[in-house]
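Below: one protein chain in two forms, given as structure tokens, structure 1 then structure 2.
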Structure 1
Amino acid sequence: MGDMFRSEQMALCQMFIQPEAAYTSVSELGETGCVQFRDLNCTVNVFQRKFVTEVRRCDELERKIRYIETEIKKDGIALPDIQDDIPRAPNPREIIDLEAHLEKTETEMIELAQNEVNMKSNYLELTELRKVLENTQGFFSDQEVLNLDSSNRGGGDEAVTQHRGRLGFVAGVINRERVFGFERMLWRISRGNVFLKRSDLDDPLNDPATGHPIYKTVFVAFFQGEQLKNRIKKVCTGFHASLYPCPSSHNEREEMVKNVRTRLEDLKLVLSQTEDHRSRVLATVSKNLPSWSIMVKKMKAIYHTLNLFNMDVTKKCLIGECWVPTKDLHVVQKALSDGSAAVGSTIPSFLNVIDTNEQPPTFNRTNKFTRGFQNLIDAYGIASYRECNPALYTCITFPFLFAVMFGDLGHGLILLLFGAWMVLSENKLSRIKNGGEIWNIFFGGRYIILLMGLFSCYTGIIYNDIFSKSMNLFGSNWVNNYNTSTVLTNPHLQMSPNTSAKGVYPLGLDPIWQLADNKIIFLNSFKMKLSIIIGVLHMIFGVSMSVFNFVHFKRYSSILLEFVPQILFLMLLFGYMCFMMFFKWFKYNGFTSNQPETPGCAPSVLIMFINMMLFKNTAPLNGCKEFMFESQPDVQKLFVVVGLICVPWMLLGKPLYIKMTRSKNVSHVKHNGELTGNMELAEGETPLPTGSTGTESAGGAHGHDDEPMSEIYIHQAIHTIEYVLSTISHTASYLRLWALSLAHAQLSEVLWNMVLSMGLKMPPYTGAIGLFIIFGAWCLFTLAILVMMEGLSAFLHTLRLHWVEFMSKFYEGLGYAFQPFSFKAIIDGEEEE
């Protein structure tokens, strides 16, 4: 059978690699992505492993790359996207080059940043000074004469000023939010002897460290006396106000302003040149940065993996243990030889397959089509090693069951188009990195959506439902036989099958049912029977899958002790019910003259089933027979009796068999004269423990070996009760196929009758605009409610039907996934974060 029938066979291998060739060999293995390494150094602390220094080196390089990336993002330069040309892990020479490059770029960036901060703070100071000079123009005009005098006596000599009783002042700039507090504080410390004049700056200034614009205010504080000046200066420091020396004479101020202006211009020039230089540096780096980033990631992954290896006692080679799919062994051999050849080593590395009793990881080789379905199954539980994989059948049964619940040609077409668009442009769409979680889910399931759309179109044709209208492709097979007077006098007329049915509509439901008032009664009967038939078949399929598992794991006794009673119980009771449904479809018709076979006499299948189980009889209507065929009561009694026998068969068969074989084995071993404690046995095998049989039995066997008999009885009782009850409950559970299909059809009809037909009934010309709007509303509701909500609902119910009703019949799901060392997986995984 195909690859997906069961998970692949895995081999545990030991790898012997020469230390020189280790790096390149592991690099080759990472490119192939076929091996899962086991950690041979579990007991060793992370910081004491062999390649810790190399990992630290990689961390350093990653840090530098991250820093440069943030700088590039700050400037808004776009990083190129490498999809096709992914570089390989760097060899030692390239590593040194890489380190040198990154070191140089990083130091340059840091220097530039530092310079920029310095220049910006300079710029800020000069700007503030200029503002101070400009804004205090007005303050000094009235104080002009006085201050001129004071400056003539030695430029702001405080002692002289104080003696003369003149006012001194300080000028500066403060954040606008702090002004009021500042003013209050000054008032307090000076007991009202300070005069503060301030004016707000209109444009904000940029903070050099953070780059945020801040609003500031220019102030001038006039005071008298030395002590006050000191106090004022202390307050200014406390409020982070910057003080600037402001000359009091007008001419000095003018000169200072001119000076400041020139200096500002120069500084601006230097700043812009620095910016340009920085952009150039970043642009050159950005070309190579993504590929360097990938190279460093690969390097780090290689060293982490090398840390899992064990160094041989003689220090001659590295030993590693890994799981490899048996089919890929030759790929791994080739990778090892490539690695040795790249380094020029004469001593080859080799691979040694070893036997083991451990359970290998489960690996299912999937392609882009089957991966979605495999993910659906894995979400429930990873399959045990080498048990049958339900994902193979899910590829078709999942969309089919979805379509039974979703059956509408119109909505199916919408799904189909959506799925087809995603599939046809999947190359382009797979490059979208940050589409969001929801887009990733939809895109990952594109093949599922495509198939769901296809099957929904088919079931839509069979249900004859396109946006709640039916198509009349082949001509309806119901004819009206009433004459004119009957038609005109009766507002409603029911057609009788014996007079009006003239054949069967070949493909699907007859279009007349869409017009009928009693449509739901007819459809209920059809859809319920359909759901039960599909459900019973699905469950029989599930139980039959267990045979393949029993045969593979050589538990032949379970076939007779578990499978046979289970399938008999299911088929004799519920399979028989399906048979009754088919029989009823054939037997009762409107054209017969035999009274018991007319539609009025058709018995309810459900009532017959209940009577069968309870051994009851109901009296039939007049002229009708109770049973459908002659031998029915005897056949039914036989089936029920055999079904009842199956229950103790299931309950006691396996435990008694285990008991028998155990006592035989124990006596056999005692006969041999030795007692081995923990024998790894599965039933039906010889008592000699060997590694190879252990491999097969370890995966998928329950390992009943050490359990006491009471545990086995209890387990089997639980299994039996669970199975018997589940046959009934799961069969009824499949009726959700009917329920959701009914709900979908009704919603669709409501939407048409209440929304779109209103638009279609409007008067012409003005109605055109109204129809345009109403059509928009109808489309919105159809997409949101019928396609999205109903689609998600049907998806969920189908998933439940698969996980619970189908897989509980045979699936164990106790395995663990195969996670190979693959660069592709690592890089894709990091990109998702």
Structure 2
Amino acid sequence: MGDMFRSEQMALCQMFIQPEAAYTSVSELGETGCVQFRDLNCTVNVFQRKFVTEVRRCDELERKIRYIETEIKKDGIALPDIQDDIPRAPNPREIIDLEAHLEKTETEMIELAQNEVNMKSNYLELTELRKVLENTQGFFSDQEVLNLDSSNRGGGDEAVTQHRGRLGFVAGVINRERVFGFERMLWRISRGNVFLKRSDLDDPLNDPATGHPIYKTVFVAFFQGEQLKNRIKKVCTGFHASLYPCPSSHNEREEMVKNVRTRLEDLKLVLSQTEDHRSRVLATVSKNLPSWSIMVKKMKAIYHTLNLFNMDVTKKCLIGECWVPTKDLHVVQKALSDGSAAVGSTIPSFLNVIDTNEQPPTFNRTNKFTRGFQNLIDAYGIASYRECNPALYTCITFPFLFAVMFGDLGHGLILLLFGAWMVLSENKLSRIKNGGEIWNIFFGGRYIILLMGLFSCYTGIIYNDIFSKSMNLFGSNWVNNYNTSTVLTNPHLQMSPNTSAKGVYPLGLDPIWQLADNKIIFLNSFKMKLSIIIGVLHMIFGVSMSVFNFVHFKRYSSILLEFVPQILFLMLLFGYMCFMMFFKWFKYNGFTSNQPETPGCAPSVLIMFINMMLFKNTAPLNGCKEFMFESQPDVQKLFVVVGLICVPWMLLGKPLYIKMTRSKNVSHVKHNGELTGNMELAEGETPLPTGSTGTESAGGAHGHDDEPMSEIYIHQAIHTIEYVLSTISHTASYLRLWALSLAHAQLSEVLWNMVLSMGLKMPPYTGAIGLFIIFGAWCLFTLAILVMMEGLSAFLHTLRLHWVEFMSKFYEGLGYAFQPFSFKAIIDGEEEE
């Protein structure tokens, strides 16, 4: 947890690697995942870099792997899961064998696919011919056989043929959706002199290229004359109809059908053998394909990274620049040594640390528990380098503020069980790759959901609320002192704490409030004051966090000129209001005999605060006092005056200080790469802190050396106005804790009274069935409305309270994320896409 208070200290380093050890060294760095490289070839076109040929080679290998993977998925073969045994980056010599194997497999698959398409095309043609021969049996009769001749083989000239009335015919198959246009076109070109008979095929045929079903129709067109025959064939060609020879003799057709069926059986056997061979090849390849894919991805990432390096003038050394966490410098040094040893390089690679004034990237080391909370902060803005990280405190304050709005033991238990299931089964659930974006969000925030459910159970116990009902765990501390007749004859009775209360309920609210008519009034007052108290404490904590930033960045003047007036303004006004709430709870009670201290004389804290700000007075009731203690008017005036003095203090203090000290500060401007303390690191050594961590211009601080004084005055005026107004608006904004808590409780009560209570009031026998149905509807509405919708609403409001009300007091969020070269991040990122 200590690492989360500030981002990791970073060092800008130079790497000097021998070309023969470059591949293995970068591979080792990719496995560690703790180095962010910088591009030293920004001016060089991506197609002119040193390793662009190797990158293209990897692209070609990826294309082949994608093609083979598509074929494997087409056949429904499952790929093995290798998350527990991820291979390392391949040796450049090993990739030659892999390339040859993929080339051979791809060629074989292409040949098999082409042969299969050709055979399926032949099979389709033979199937269509068989359908034509079988379906045209009913188109011909014994009398027609004497007059039909598809080839006009009968002797004699055309005049004799026409005189005898001999008819020609054309048979074929056409797509069913084109039949009506085909018929119309034949009628137009022949002027009604073509007789067309057709029969739809019941079973669809499969397209040889795509495998999609095709519905077709068998047709026979009868005509007279050779010229009309040529026209019909042209129309058939235009409509993509397949024509097949069809003998006019019944015996010839029967013989032809037998031959076609024999050929179909032979072709089906060949297709079956081809499918078996294809399946065997794909099954063999599928065992190694995931490993090959990861190996090629790692190899491509290595060459992409090597393209960021610069070659020295002697062409004997690769130079790279990178950001490294100082805690991981020994890991990087060891990775470079292992990379050099892997290829037997005699010249070791070494690392130089460079002093620079450039702002380093922000790296917060997280684990599976804190990663979700860190993502919430990073969604607002990446922290400036080395400034305080709100995620450390968000781990507790976020689920707590959520629970204040979602305080119900039953609903909190549902969230707790859901989060616990995801946490306990995280190893199995993490293997789900295609769960969708919503599932990934839920699973990534599983520990947030777990804590939100746990804290909601706690606040549900404090509110004594479980599905809008109360639990009588310790027995009510209120006693009914009225007799039976008084209770039966009076619809409303008031119970005084003096006579009816035996003490304080041990934990949370007394269950008797569930029956009280003034339950809403009491809970409103309680939750409203609780929201203001929590909000003011949260904002005071946020303002106090700015001190740690000022001390770390050595901006000690800002403690006096910014923090002190800010905390005084907040404490003397709104902190005083919270103090008066507690003072009112302690001073006024029903057991005292002094009338000014009885509950009826208790003044309104809100009215008192308004009068304090406006220097007004409100006349008290008879026998009561306007103020809670004697010196309260003088104290309030002092607090308001000091609070008003804080405004010009914040407005003018910092600009005047900068103006007075500007002439004394003569700073030397460093340029990136200026080696003021450049040193070579031996293995195991840890460098001194680098960068400008302690300067005014460091991350998390604003430099004003070159800024005009007019800009500084305007900038400070904006900040002062924003803080003064936001202190008021942010305090009111925390009332959302009360509003959403009230809305959640009322929705839960309405759902119970309007839905579930109906089933509980039904007659015994029919009520059993009705209660079963109504209980299902109540569960559905509870999950959909109260848990999911209300939970999402409370989550978003909690997120706003942290982003705006809390983090704006000390958090700048002007940094950029540390994005290390990591094989794991590359592979996980591609799987999510």
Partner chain sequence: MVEAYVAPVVITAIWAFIGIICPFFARGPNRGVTQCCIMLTAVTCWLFWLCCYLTQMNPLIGPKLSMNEIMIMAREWGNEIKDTMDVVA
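Start at 1 and count along the sequence of structure 1; that gives the residue numbers used here. Only the largest set of C-alpha atoms that superpose within 1.5 Å between the two forms is called the rigid core. The shown structure was predicted, so the numbers you read here are calculated from the model rather than taken from an experiment.
- Report the structure number, 1 or 2, for the form predicted together with its partner chain. Comparing the pair, one sees that structure 1 is the form predicted together with its partner chain and the remaining one is not.
- Message: Quick check on G192: with the core superposed, does its CA move 2 angstroms or more between structure 1 and structure 2?
- Response: For G192, whose C-alpha is compared between structure 1 and structure 2 after core superposition, the shift is 2 Å or more.
- Query: After a core superposition, would you say G225 shifts its C-alpha by at least 2 Å between structure 1 and structure 2?
  - Reply: Yes, because once the rigid core is superposed, the C-alpha of G225 moves 2 Å or more between structure 1 and structure 2.
- Classify G435 as shifted (yes) or not shifted (no) between structure 1 and structure 2, where shifted means its C-alpha moves by 2 Å or more with the rigid core superposed. It does not, since the G435 C-alpha is displaced less than 2 Å between structure 1 and structure 2 after the core fit.
- Item | Core-referenced Cα shift (Å), R253, between structure 1 and structure 2 | That residue's C-alpha sits 4.2 Å away in the other form.
- Message: Rigid core superposed: how many angstrom does the CA of R178 shift between structure 1 and structure 2?
- Response: Looking at the C-alpha of R178 between structure 1 and structure 2, the offset is 3.2 Å.
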